[in-house]
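Two forms of a single protein chain come next, each set out by itself as structure tokens; they are called structure 1 and structure 2.
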Structure 1
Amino acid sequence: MANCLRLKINLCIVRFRGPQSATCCQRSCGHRKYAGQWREITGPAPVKMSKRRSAALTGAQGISLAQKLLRERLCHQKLPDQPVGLDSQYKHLLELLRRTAVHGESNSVLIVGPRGSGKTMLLGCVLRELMSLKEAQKNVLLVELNGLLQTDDKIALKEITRQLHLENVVGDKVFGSFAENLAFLLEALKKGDKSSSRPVLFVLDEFDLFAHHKNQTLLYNLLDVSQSAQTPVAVLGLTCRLDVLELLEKRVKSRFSHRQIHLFSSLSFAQYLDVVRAQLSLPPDFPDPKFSDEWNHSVTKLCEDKTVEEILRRNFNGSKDFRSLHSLLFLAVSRVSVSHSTLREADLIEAWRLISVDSKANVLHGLSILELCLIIAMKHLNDTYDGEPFNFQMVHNEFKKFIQRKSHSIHKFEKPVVMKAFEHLLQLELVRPVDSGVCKVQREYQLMRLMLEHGQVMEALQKYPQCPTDVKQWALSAFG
């Protein structure tokens, strides 16, 4: 009872946090009816759900529905209800956009963060909340541009015209410059009698790619409009490059408000574990409460397991962003099926193994003995000549020395056969020519470099199936 009393107090605090607290409650006290009662108080429990809840699903249906939900969350990157760990940035951005949408102020801001840190997700959540405001819903126009798709300013301008639904207005007009065109578009947005025009939000994804366009016309004009206060315009750039301001021309940089929102993940490992638990848990409005309770319970137990914690810690040490976490969790979740219907630690271990494998080692595993000997010969050349580039003649020379002096199991191969093996290594890009493109030199004399490290070669040798002992000893010996 004391536990529940404590929970009651906690409930008041956590009530407004959202659905993930449902699992906290269950973990600490595990009282179903409290969970049921609590859901009704805080959740936006629609009436329809309680009717459907009484029909229990079969095991297969439950799993398939759970998979569907989890895949939407992990693969399709469905927007969460609240971004985790980004509260101050969220508030800042929301405030800025509200000022543009409601009060008509022009703004420009850059959201900077490494890949997978949640820029698009943050923006998505903020826009979702913005559009729920009544004044914003009616007025605000949204134009979304992406640096990967709109690779040219002309294409970008056409896309802006299309997204503002002004193709008919523009028709076949020919404009002298980009600025004229943009001014025309913004003029056309002005409502009939009012002098003020509708606020426009320009979202520029992959902002750094726009900086590579000719003269940076699009950026210059957009930021110019945002400074000149004719139309309320907000320019939002999202980029992964920290040095994005260095890419901007002087005239563009001066028109930018130098407002940057940085997304550096500041999660601690404990918070990370909580996130993992939340990502894997089923939401409270799942049709079969018994199934979802069991599932969430097993997820909680899984997160407390030592091996799983070790794996998550290693992933956390590698990168804190959610994208790599999602791929790890997805690999584990995809293994859940009717025959084994809960997430187990073996799934996570297997998923981690798939993610952390060295792909070049896999490639080396499939080479023939002759190709492996050539790689060892190249490694010896690298060791003897301190990484100087070599050519095929030198490699063949080393290989011949090995065949004559030390080998018992490998017999002599003709030079063209060895050349074919060498060309196969070239095609796999394990060996690369030093100056690609210059073909004036005969193929046997073209200088190359080995794209593998000493350690990788030795490790591959250990795992190579049925490697002859003389080859192994040759690799381990110091000089050829």
Structure 2
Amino acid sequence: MANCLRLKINLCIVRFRGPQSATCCQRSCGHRKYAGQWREITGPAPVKMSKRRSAALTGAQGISLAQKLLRERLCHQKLPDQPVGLDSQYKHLLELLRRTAVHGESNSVLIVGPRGSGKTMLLGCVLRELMSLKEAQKNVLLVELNGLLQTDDKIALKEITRQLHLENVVGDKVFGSFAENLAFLLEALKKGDKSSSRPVLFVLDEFDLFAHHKNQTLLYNLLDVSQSAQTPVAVLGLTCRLDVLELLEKRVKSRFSHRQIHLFSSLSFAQYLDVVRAQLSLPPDFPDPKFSDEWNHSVTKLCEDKTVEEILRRNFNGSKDFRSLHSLLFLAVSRVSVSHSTLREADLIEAWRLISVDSKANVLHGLSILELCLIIAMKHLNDTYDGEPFNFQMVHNEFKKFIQRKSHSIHKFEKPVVMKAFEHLLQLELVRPVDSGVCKVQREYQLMRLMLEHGQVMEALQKYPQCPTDVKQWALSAFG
């Protein structure tokens, strides 16, 4: 009734105010007239424009949508459908967690692998599959702890209480020990009868850092619960340390199941190229099929290009983890625009240049001539004393010898000015003190080490504008 009344009022307003007001009414009310009938719409009225302008907008929208989709994929905002090259590990972990979630069997397992090998991604894919099971959806509880955040057992226990939503249950109760507190929390999760408890999955990221807690109380109690028949619990540790079991106390180690899932990349370069192609390709359900076909064809051509293949091979030889690959591809995708709507060889070359740039070499480009001279003097001292540490006084003496030989080309600096330049190098971390603790030695005699390599200094000298020839020759004699 109300809708009919509103429609009649709108029609009256249109008839009374004429066609111009009708447009305003249509825009404000969200209705539009088609063949004498009114129907509701969700967006603003389309504006008439030339076919050329419409095509340009469609192209821009296609690029924007493709970039958004690829950024989500490359920034790890979206889990892959299936972990690449980790089929056996995926099945093993899924079966372990399924037994805890469905059958109430307690387990403990460590996922070990270098940073960027896909430990978190593997666990995310397994948990997604697990939570799709009907038995696990309303039953399983997940507690995630991180060794970088939960730095002691008291903080970890508060976080466990918060994630299990048991703050009101605990209230102001005082517990005699950590074990009593944890037992009370797990008891509170009982459904009603003692035989059925809700399974809890404890995920401990940076597992090795929990081993540094006092007496390893958290690890001991969690693994102790997983060994007993009190509550169905699965303890999953993620770490990049191969020797993590050596860090555990004997009583903790005896309660651990010693199950380990190792993630080491065994990808060949051909498989690596297939991953690149898959990461850059648009899915079949992309809204614009024509744009999707053009884009995927350009990605296939790009992967066959010799220069691009060489760049990808360098990246593969440097690191096989997907994080470095995703960083490279992300920069390349960001360069796509309306002027060139597909990926080109130049995009990947520029992305490689940006990602492989040496940060210390960039810092050297902004140094003064005096600071460059001090670095060359340090290199001379390293060669003379076979890499032994040096102090400011030694560097200043070496620099004075050079000034005396080349007084006509280099300005003479007072010692306080040279000291200021030396301190600036220290702030830039191009020079590092040997003893990082509190040292009572005078600044001039504090031992230092140079944190630069031969190639970095020579590159900075080559690119330095109007660098004196004498300084370059002195550097060549030092680095030759």
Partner chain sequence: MALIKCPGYPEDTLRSLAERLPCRETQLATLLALMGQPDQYSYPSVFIYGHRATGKSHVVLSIMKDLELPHASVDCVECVSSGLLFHQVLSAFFGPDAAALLPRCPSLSDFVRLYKQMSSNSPATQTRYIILDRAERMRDMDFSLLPALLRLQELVNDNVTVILLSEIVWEKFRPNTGCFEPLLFHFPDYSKAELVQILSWDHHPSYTPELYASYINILLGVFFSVCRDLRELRHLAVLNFSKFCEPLEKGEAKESDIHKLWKNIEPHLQRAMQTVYLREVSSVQWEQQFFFSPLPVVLSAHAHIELPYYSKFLLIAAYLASFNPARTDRRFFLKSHGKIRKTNFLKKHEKTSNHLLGPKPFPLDRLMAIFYSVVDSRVAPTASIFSQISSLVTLQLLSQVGHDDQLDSPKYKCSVSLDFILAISRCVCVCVRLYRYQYYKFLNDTQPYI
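Residue indices: 1-based, along structure 1. Since we're looking at a predicted model, the values are computed, not measured. In this text, rigid core is short for the largest set of C-alphas that superpose within 1.5 Å between two forms.
Asks: Quick one: identify the form predicted together with its partner chain, either 1 or 2.
Replies: Note: form predicted together with its partner chain is structure 1; the other is not.
Asks: For a quick test of reading the superposition: does residue 69 move by 2 Å or more at the CA between the two structures, rigid core aligned?
Replies: Moves: no, less than 2 Å.
Asks: Please report, in Å, how much the Cα atom of residue 465 moves between the two structures when the rigid core is superposed.
Replies: Comparing the two forms, residue 465 shifts 2.3 Å at C-alpha.
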